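Following this are structure 1 and structure 2, which are two forms of one protein chain, each written alone as structure tokens.
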Structure 1
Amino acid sequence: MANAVEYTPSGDAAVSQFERHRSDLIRSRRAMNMLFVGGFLLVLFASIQVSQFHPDRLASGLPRIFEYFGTIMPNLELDKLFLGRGENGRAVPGSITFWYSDFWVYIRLIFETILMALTATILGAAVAFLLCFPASRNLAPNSVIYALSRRFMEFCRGVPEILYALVLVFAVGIGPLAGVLAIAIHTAGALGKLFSEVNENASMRPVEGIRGVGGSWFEEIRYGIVPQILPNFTSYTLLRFEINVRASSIVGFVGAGGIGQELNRVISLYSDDRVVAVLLLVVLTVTLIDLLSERLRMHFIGKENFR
């Protein structure tokens, strides 16, 4: 037959060589997998030992968590629960009004916290947007700019917000400005990394087309990349806003404003029932923001992407 494959001695040698090479690759891959699994198990064992993550200790400690919450809960009395303030303007002990006697102070500080998070997110996202393009492997003009952009973003997100806040409180004084700047710096580093990874997954066909007709680097980014990645950027920015609301509550512990400053005050006064009152409002606020962010993300990305 004209199309039949003729096996010759040289053809058999080539097939044998291919099989040997394939077997070598399989052995090499198997050895690498075993080495990886062994290293992972070793690190996991060391982590368990260092963190003392022992089941018996965890089981004995869980009931104490509930005991602790039992000691800090407010002393509410059912028959006085919904009583308002008396003729003298004072709340009745045992009522919700007494527990939340500083309710409007908390609301004002939580509103201040949300504004801090919003400002910090806008500032950080703007810096991240500018840095993410030179920090993307497929878009960086050269390796020096790529490395500098990457290292700068690593520095920004490598230091915790509270440490930035400590330095900035010393520099600009006690108040929300230090908290906003601290969170904005960390946001720029964290979002910049996420944005650059989105850029590296974008299709380069539009960029190649713009480059082929003589477009500049800025035109490649503006018309070839930005339309592709904008929905993902928006989604990550909204997620970061939620994180920043929680972060704003933490930086307040060092005098950077917001509800965290009040939380630090009631903790230092050993006013446990007030601590619970503030924490409940913070959790409620974060939940509401999470629901709102989810709706905004679906609006920008499209409901069909969640099906």
Structure 2
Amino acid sequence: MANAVEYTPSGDAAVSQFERHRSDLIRSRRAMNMLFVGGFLLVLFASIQVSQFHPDRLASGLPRIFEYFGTIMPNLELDKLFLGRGENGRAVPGSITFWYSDFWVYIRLIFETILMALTATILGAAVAFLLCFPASRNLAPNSVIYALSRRFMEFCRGVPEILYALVLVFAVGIGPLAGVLAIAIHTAGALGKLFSEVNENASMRPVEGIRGVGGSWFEEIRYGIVPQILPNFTSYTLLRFEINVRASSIVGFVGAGGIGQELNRVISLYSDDRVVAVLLLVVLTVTLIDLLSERLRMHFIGKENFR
């Protein structure tokens, strides 16, 4: 401690050396930083130019945004809030009944949306389960099959599901089937990748044991790998189910069924409280599914699997 307080000439030399090194370092970093800032500004101006994000457009657009949000808010009046339908079967404006006139239509569509997500998750997970073994480096029977299954899965998850939905609506017609198939294709790709990563991290000892007693490739996987990976697969599949509920509430925008179709219709045709009515139900459903599936994951797999 004593020599820290002591000022000697050699200490000054050390300080000046430190300062010199520091200024060198700052100078060298400054050039790099200038380059970065320059590149950043270039990209910024280019993108403002390309997307026509001009101040005057923004200034004229912003008030309209708030205006629009004002029109889609429900017009509820406190004294009429819980009034039911009158004798003539009409709801009173300002009541919740009036706001949610089509409540049961929405509920039916939301139920359909959840069914779509569930079916698509099951189908996609089944395909992913079959594909993930040839697509993991440690289990692939040969490199051609490995590369082929990898490329196939990359293609499945590379294209957004709504584009698949667009194509499938053209092919099989408007309705939930197109949505289910589109989400299933995307799920197969996305889950297949995660599954094969789980496989690559699995212990190879059971596999070697089964190979040692003369097991075939299928037996190696059935008895060596599957028991190890099943908990992780279940958790990923449940996680994917949550994502698919979101996706299936969206694919309806291109005519592939579910609540998305109604949401698209309501937003495109009307500028009133129906928009918020549907949106609120969608957000509630998605949140509820998230919470439920989280509970289920915890129940099945235990906390230690979620680092």
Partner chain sequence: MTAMTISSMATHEIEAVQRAHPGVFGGNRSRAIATAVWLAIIAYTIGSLWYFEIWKLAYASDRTWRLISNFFVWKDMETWQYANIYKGIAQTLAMAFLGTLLGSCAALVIGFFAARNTMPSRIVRQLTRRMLDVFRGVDQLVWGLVFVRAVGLGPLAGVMAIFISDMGTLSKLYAEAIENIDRKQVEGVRATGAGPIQIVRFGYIPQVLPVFISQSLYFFESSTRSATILGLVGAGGIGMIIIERFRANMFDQVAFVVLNVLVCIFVIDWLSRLIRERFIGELSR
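Residue 1 is the first residue of structure 1, and the numbers go on in sequence order from there. Small disclaimer: the values here were computed from a predicted structure and weren't measured. C-alpha atoms forming the largest set that superposes within 1.5 Å between two forms make up the rigid core.
Between the two chain copies, the one drawn from the form predicted together with the partner chain is structure 2. Residue 72: CA moves 2 Å or more between structures 1 and 2 after rigid-core fitting. Comparing the forms between structures 1 and 2 on their rigid core, the Cα displacement of residue 30 reaches 2 Å or more. In the core-superposed comparison between structures 1 and 2, the C-alpha atom of residue 265 has shifted by less than 2 angstroms. Core-superposed comparison between structures 1 and 2: residue 58 shows a Cα shift of 12.9 Å.
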